[in-house]
Structure formats: C-alpha cells, structure tokens
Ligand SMILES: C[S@@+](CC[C@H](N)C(=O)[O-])C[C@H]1O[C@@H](n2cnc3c(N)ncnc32)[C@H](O)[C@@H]1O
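What follows is a single chain, given as structure tokens, in the form predicted alone.
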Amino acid sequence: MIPSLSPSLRPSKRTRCNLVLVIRGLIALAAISSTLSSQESRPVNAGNPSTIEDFRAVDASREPYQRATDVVAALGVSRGDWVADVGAGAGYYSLRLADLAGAEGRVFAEDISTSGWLNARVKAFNLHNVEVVKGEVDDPKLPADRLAAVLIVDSYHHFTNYTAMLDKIRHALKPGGRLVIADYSFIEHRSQARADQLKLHEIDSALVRAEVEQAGLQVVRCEDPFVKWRPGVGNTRASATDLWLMVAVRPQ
C-alpha cells in the first residue's frame, strides 16, 4: 500500500491547475511545431497553389511583366473603398486591392467561372474583405452606384458581350469612379478585324477606347504600350505582344 501524502505535501488546487495549463501549452506547441515542420518540408506547388508560399511563387512574375504596382496605383484606391476585380482569375489583383481597401473596404472578385484557385487564395490569405462573385457573360453582378474603382486585367478581350458589360460596370461605379483596363495587343495585328484579334487573345486599345466612350465613360489616360514585351519565364505570350493600360471615369 502506497502511503498518501500528508496535507502539507499535497500540491494545492492552484498548482494542479497550473500544471494542467502547462501540459496543455506544451501539447499545443508540439502540434504547431509539427505543422510548421510539415509546411517547411512541403515543396512549393505553383502548378496547383493552396498555400501562401504557392501563391507567392505564382505571383512572382506579375511585377516585371505587368507593372502590377502601377496598374493598381492607376485605380487610386483608398481605405474603405468598395472596388471590383472583373475577370479576377486566380485573384492576384483581388489580393492587392484587399490590402489597399483595408478591413473597412470591400473587394468583389468577379469571374464567370470562379476557379478553385480564387477561393483557395481567399482562404490562404484570410481575405475577409473579399467577396467572390460568379458573374455572367453580360452582367458582372456588382452593386449599383457604389464602387470607387473597377479593374479589368487581361480579360476585356474575353468579353463576348462588351456592350452589356460596360453598361453594368458604368452603373456600378459611383460618379467619378474609375475603370482601369489593361490588355494585350501586337501592333501588326491591329489592322485585323476585332473577331480575329480576339482569337489571338488580343485587342487594340483604339477599339476599346471607342467602346468605353460609347458606354458613357470618359477616357482620361491611355498608355500604349504600358509594358513592352520581352521574353522570359512568366510571360505567357508567345509573340511580341505589348500590354496597354487605359483609365476612364464615370462622369460626375
């Protein structure tokens, strides 16, 4: 028979509670350490991203090949703004806009086929101010008269009903709100019919300017080229296709 401890040698109730807390803390620390170790040993998967490291590998080429910081700056986004990334794709620009708009703002990441990558990015970066929106070919499903800015990067040439899309975007913008479009065009293809340019995933900035103005928006800036084509990893264009950038506003 094991003799019991005398009352004076027994640990107090507070001591026992503290011991329990310490043990629980050590268990939690071990779990975190195991998770971090697992993440460190996991190779970066840029082909099917799901972690922050994966997406950073995917995003690395955006700055040199699209001047991404300058594209975002053209929107003039401030804290608390409501903005939209139309044709969001994997959500690279939605992430950039979420940081600029802040917790008080809101970003609508719209696409007609909301990819798993877009939802995975929102989850990986914990983007509470980003709302994924599944649009339609003639309607991006954006709130009316509320947005400070709308961004369309490498997606305008995919619009099969650009007239309806531009009309909806104009009505989504607040008076004075900005629309920024960046897309690709090879100068030797610009004499081709619009439909033929689209087959090449390109569109002439002059065509877009006319369409934007016809929709009731005022073009205030057009840089063509905005980025000159150059070969290298990250540039998905096989031909020497330059990127142009256009800024338009909804009249007051």
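Residue numbers run from 1 along the displayed sequence. Just so we're clear, the structure is a prediction, and the values are computed from it rather than from any experiment.
From this point on, the text means the form predicted in complex with the named molecule, which you will not see here.
- Each of Ala88, Asp154 and Phe159 comes within 4.5 Å of the named molecule in the model of the complex, counting any heavy atom.
- Only one segment in the set 131-139, 69-77, 171-179, 100-108 has any non-hydrogen atom within 4.5 angstroms of the named molecule in the model of the complex, and it is 131-139.
- Residue in contact with the named molecule in the model of the complex (any heavy atom within 4.5 Å), chosen from Asn119, Thr163, Ser113, Asn126: Ser113.
- In the model of the complex, the named molecule sits beyond 4.5 Å of every heavy atom of His189.
- In the model of the complex, the named molecule lies within 4.5 Å of some heavy atom of Arg62.
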